[in-house]
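A single chain, nothing else alongside it, follows as structure tokens in the form predicted alone.
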């Protein structure tokens, strides 16, 4: 097991969580606590604590005489920062991408509308700074994708809704999963940049409905494209 700043229990949680999301356990069943302790050269006490932590995150269930089993994804705490990190390290598929997009569609337009109502001058400046960086990177400089992430996260923060603010890690992961499928290495296009400008202009003008509609527009289009890819994949699998 790789050396880390984490204590032994935290490191084992990370290793097992990553392995679960990568589908490394056949029949969705983990080895026994004794076998895990032996494999990772760690004490049974630390192993037991790691199993409890993964159970709390919803990834596994551990019961006497039933062993340790991977839970269905509907039981996972997908807003947990560790679980989101493991999603990126694992094998997110098109269905996972669509799940992320569906939640983004529920979150981000509402957050943009709230930002149009409640954002302070400093928060408007922060959104504009991210937008300016996105334009600068649109010329081929720096990390375009991080600028895009910062833009969306700054809108969540400007909503002044504590629930939306705490979803910043979720939205960041969703954007990275999207990049995983598009495999983009280039800067944003002029059209994409303009879509971001439209969202910002509505927020700055205090146009709540406009902010909602413009923030929803691109995500809806992406969902349509993903649905088309899923439908094509399912047609292939049926043949």
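Positions refer to the first chain, counted from 1. Just so you know, these numbers come straight off a predicted model, no measurement behind them. Between two forms, the rigid core is defined as the largest C-alpha subset superposing within 1.5 Å.
Another form exists, predicted in complex with another copy of the chain; not displayed. Remarks below refer to it.
Taken together, the three residues 151, 197 and 200 lack any non-hydrogen atom within 4.5 angstroms of another copy of the chain in the model of the complex. By the criterion of a heavy atom within 4.5 Å, residue 38 is excluded from the residues contacting another copy of the chain in the model of the complex. Mapping the unseen interface onto this chain, residue 205 falls outside it, with no heavy atom inside 4.5 Å of another copy of the chain in the model of the complex. When contacts are judged by a 4.5 Å heavy atom cut-off, residue 192 does not count as touching another copy of the chain in the model of the complex.
At the 4.5 Å threshold, heavy atoms of residue 120 stay clear of another copy of the chain in the model of the complex, well away from it. Checked against another copy of the chain in the model of the complex, the residues 94, 165, 125, 89 give one hit for a heavy atom within 4.5 Å, which is 165.
Residues are counted as partner-facing when one of their heavy atoms sits within 4.5 Å of another copy of the chain in the model of the complex; in 50 to 81 these are 52, 53, 55, 56, 57, 73, 74, 75, 76, 77, 78, 79, 80, in sequence order. Residue 205 shows a C-alpha shift below 2 Å between this form and the one not shown [criterion: core-superposed Cα displacement of 2 Å]. Positional change of residue 21 between this form and the one not shown reaches 2 Å or more at the C-alpha, relative to the superposed core. Shown in the overlay between this form and the one not shown, fitted on the rigid core, is a CA shift at residue 75 of 2 Å or greater.
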